[in-house]
Ligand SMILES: Cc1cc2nc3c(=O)[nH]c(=O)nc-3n(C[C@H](O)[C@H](O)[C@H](O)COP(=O)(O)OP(=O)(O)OC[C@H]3O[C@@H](n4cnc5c(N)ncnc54)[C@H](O)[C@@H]3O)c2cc1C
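Given as structure tokens, the chain that follows is alone and in the form predicted alone.
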């Protein structure tokens, strides 16, 4: 996380690639995959491949259990059919962890994750979605039309178990957001010390001083919450606790939006210009309250935990 934050201070995309290579699909593979799958695919990641997690669909975003993609077991293979949307790294990554509803002997067997290799027959990369920020990695559609996957490529069964692994990715995403915000804050602080108006540095103006102070408070709070989530690992899953990961990601993602916007404001017209990195930082930060669990969905996760009343995602498990 320390490494990711430092990278994201300068380039959110670079930090995100490191997260996906260590806290995302690789975590699921190493926790639940067979020894053969680990030997095959971990070597790809170590060689530089950023594995994909393909969960979202056109009609299944926050409610991931509403996915329509199916994997039907047939003659020792899984026959995969369906489409995925907004898949980060789709069409670039060789290794794709595809979530699908499993069907065996005509009966549904819950949700599982399958390792699917780029270029496999029946696997097509669709349209790229051009996003507001974080443009250095494509967001694409993935289509599966009778794509046959070896039976042994089923990494794990059980949506709840798979999403427990996804808590690590949420902590990682929050760390990227934090890094972007920290970079914006440092740029704003340097600018406020150097920029003079009315005969004195703008860092002496109370309105701007308070913006910088608020940024420092938010950044320290988000960092502590992220480090707590990373440190207090759930003893059963081996991944960050679901509630603590949700708290940390909400805090960090909302901090990133607030701090980058204030940093842009402190830069004035320069901040709004593409000659400076602030406008990119503000665009990049905006994604983190959406991707990897919206801030609203994660608030439901937190509310479930603190009230003891499981209302959100009843079908998870």
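Numbering follows the first chain given and starts at 1. From a predicted model like this one, the values you see are computed outputs, not experimental measurements.
The protein also exists as the form predicted in complex with the named molecule; that form is not presented, and the subsequent description refers to it.
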item: Segment assignment from 230-238, 84-92, 190-198, 147-155: heavy atom within 4.5 Å of the named molecule in the predicted complex; value: 84-92
item: Contact label in the predicted complex: residue 68 to the named molecule, heavy atom within 4.5 Å; value: no
item: Any non-hydrogen atom of residue 139 within 4.5 angstroms of the named molecule in the predicted complex; value: yes
item: Close approach of residue 291 to the named molecule in the predicted complex, 4.5 Å, heavy atom; value: yes
item: Interface membership of residue 296, the named molecule in the predicted complex, 4.5 Å heavy atom rule; value: yes
item: Heavy atom within 4.5 Å of the named molecule in the predicted complex - residue from 62, 34, 265, 273; value: 62
item: The single option of 53, 250, 29, 282 touching the named molecule in the predicted complex, heavy atom within 4.5 Å; value: 53
item: Contact set, 107-133 vs the named molecule in the predicted complex - heavy atom within 4.5 angstroms; value: 131
